[in-house]
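Given as structure tokens, the chain that follows is alone and in the form predicted alone.
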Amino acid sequence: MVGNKAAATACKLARVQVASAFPITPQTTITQYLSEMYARGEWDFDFVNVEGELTSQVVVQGASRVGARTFTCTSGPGLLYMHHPMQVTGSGRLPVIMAVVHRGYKGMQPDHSDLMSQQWTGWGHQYVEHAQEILDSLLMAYKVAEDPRVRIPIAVGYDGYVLSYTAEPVEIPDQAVVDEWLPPNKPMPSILPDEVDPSTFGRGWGGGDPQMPWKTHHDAIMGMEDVQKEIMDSFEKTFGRRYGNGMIEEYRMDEADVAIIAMGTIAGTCKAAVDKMQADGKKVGLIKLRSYIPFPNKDFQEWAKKVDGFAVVDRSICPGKGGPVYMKLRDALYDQEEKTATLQFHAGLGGKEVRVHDFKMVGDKILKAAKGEKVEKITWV
């Protein structure tokens, strides 16, 4: 099935109670699949047809506040239109799940700039590689977001066109098994500690320390890492599939001297390049980043003790600042005694194809840097 159908199928398996979306390329067919499922009565849920993306976010907010399991989806400019209500969903600690079908904001083709532009909204961010991972990650996202230790909305991003409209084999788990593994959401009237006044939460005025809502929100996101790893273990035990530890997924890193860091569909292309490089005796491996927020600081700090270099391939850029994953990684490694060589690459922006030989070039450069040779710190692929 195509990636968008995998997303809609995940909604059915999760027994979503309220879904709301407005069609935008390349997300459109998720909306169509959900509409068809609703019309056929495939399961008991409400599908709310709205006039725009902002409203679709507000609809799932309201439903989530009263305990419903909710879903929405969008792409590119539609996600930017959601920015305001996404802040409220995040600060309200509502476990909404959203599929973001990547479309860059400077054009129709995919890159990660749409979801990267929403870093300050207080959501968890995940990036996936293929259609099976779309379905599985959405199921896991519900279990993470609804966990009483978390209660944070999560966006699951995947590349438009490449995944949304491309058919791949997808194993659909048995509904009864999913029902047992993912029980109904339990409404929580409040997730706030005693020192926070619920009547003023998120508004920053009255009711004591205005910083407290920000702190509790931040702490909850930072605590997601252990829950995501725990739920990945549970998912593998139940369904037999695994994606690393839930935060990162290593590929042929056992004997690697350096690592390429990539996420989304281009990580799949990187695997083919790693195979070729290792066949040629070049000790280059891949660390696929699945969770951008929270960022796997501890995992990368441990890998920095084992490898001599990281090559970060960002499919986005903050103009005037640099690659978001690169900056996060440098922050994670800042206090490390080991000074691991780290290079920044920008690739795949605006839908530009990233090929196997491009990743071989990335691998060659980081191998040189790891040996102390002088190379460019920033490369546009």
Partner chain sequence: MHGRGGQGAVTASRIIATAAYEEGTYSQAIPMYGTERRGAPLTAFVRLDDVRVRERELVHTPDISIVLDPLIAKQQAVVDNLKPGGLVILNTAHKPEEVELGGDFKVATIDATTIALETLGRPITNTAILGAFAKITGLLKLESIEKAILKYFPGRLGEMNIAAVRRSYEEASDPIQAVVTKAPAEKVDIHVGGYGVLKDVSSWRLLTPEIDVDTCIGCKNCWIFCPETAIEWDEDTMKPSIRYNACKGCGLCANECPVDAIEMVRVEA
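Residue numbers count along the first chain shown, from 1. Keep in mind the model is a prediction, meaning the values are calculated, not measured.
Not pictured, yet referred to below: the form predicted together with the partner chain.
The partner chain is not shown here, but in the predicted complex it comes within 4.5 Å of a heavy atom of residue 2. Among residues of the shown chain, residue 353 is one whose heavy atoms approach the partner chain to within 4.5 Å in the predicted complex. When the partner chain is considered in the predicted complex, residue 168 lines it closely, a heavy atom lying within 4.5 Å.
Interface membership of residue 163, defined by any non-hydrogen atom within 4.5 Å of the partner chain in the predicted complex, is confirmed. Note on the interface: of 304-312, 155-163, 216-224, 119-127, the segment with non-hydrogen atoms within 4.5 angstroms of the partner chain in the predicted complex is 155-163. By the 4.5 Å heavy atom rule, the three marked residues 109, 265 and 271 all count as contacting the partner chain in the predicted complex.
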